[in-house]
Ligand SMILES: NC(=O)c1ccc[n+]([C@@H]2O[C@H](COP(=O)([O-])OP(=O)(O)OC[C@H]3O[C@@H](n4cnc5c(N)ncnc54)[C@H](OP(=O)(O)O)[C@@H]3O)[C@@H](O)[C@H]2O)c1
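Consider the single chain below, provided in structure tokens and representing the form predicted alone.
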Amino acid sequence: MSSPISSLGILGAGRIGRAIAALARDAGLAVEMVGSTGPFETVVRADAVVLAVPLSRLDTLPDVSGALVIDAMNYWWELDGAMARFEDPSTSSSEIVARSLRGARVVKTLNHLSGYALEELARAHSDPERLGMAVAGDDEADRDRICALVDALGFTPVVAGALADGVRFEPLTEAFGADADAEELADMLARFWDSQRGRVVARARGHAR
């Protein structure tokens, strides 16, 4: 069994980065967080590294080779400017991130709940209003570790599948910003392929639906 994550490095000190840091500290994790500039060394040495910066900064990120990386970024053309590589429906934004961060093990999560949900809606296991959090990654052991982290942060992990399945909870999907419980979220992820966006992605990937 893989060891639990006990330290979290966060690149990004905006609203999302601060909310994740607060949740991690509440869960008893050691947290290192830096903003646009800062000493990255301690951040990238953590058990897992959260990317919570604008996606337009992808090519300026520090070397995270060998690190377990949580991609909490989203493509917003209004914020990032038009970036053709992230508008290609044949791939997910996290697959592009993984190709850019060579040697890193990338898992997609912590990106689709609202900032308010991350700040205010974390709940204990027994709470019937606990929200679901989608998780996508290619390596099962890494995905399991991140699922355990999501659970510790106060949300129920919902495995979406491989990293390519991160497209099912990106912006422009039903799951994005829905703040749904785990059962509702699983249904949303399953319905993705019947949505307009899902049909576009399926055609681009050469899948018949």
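What you see is a predicted model; the values in this text were computed from it and never measured. Numbers follow the displayed sequence, beginning with 1.
Same protein, other form: the form predicted together with the ligand, not shown, and the subject of what follows.
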{"item": "Contact residue in the predicted bound form, chosen from Ile16, Met188, Val201, Ala24 - any heavy atom within 4.5 Å of the ligand", "value": "Ile16"}
{"item": "Close approach of Val31 to the ligand in the predicted bound form, 4.5 Å, heavy atom", "value": "no"}
{"item": "The ligand contact at Val107 in the predicted bound form, heavy atom, 4.5 Å", "value": "no"}
{"item": "In the predicted bound form, Gly177 touching the ligand (heavy atom, 4.5 Å)", "value": "no"}
{"item": "Residue contact check: Pro54 to the ligand in the predicted bound form, 4.5 Å heavy atom", "value": "yes"}
{"item": "Leu61, Met73 and Gly115 all contacting the ligand in the predicted bound form, non-hydrogen atom within 4.5 Å", "value": "yes"}
{"item": "Segment that reaches the ligand in the predicted bound form - one of 133-141, 119-127, 73-81, 87-95, heavy atoms within 4.5 Å", "value": "73-81"}
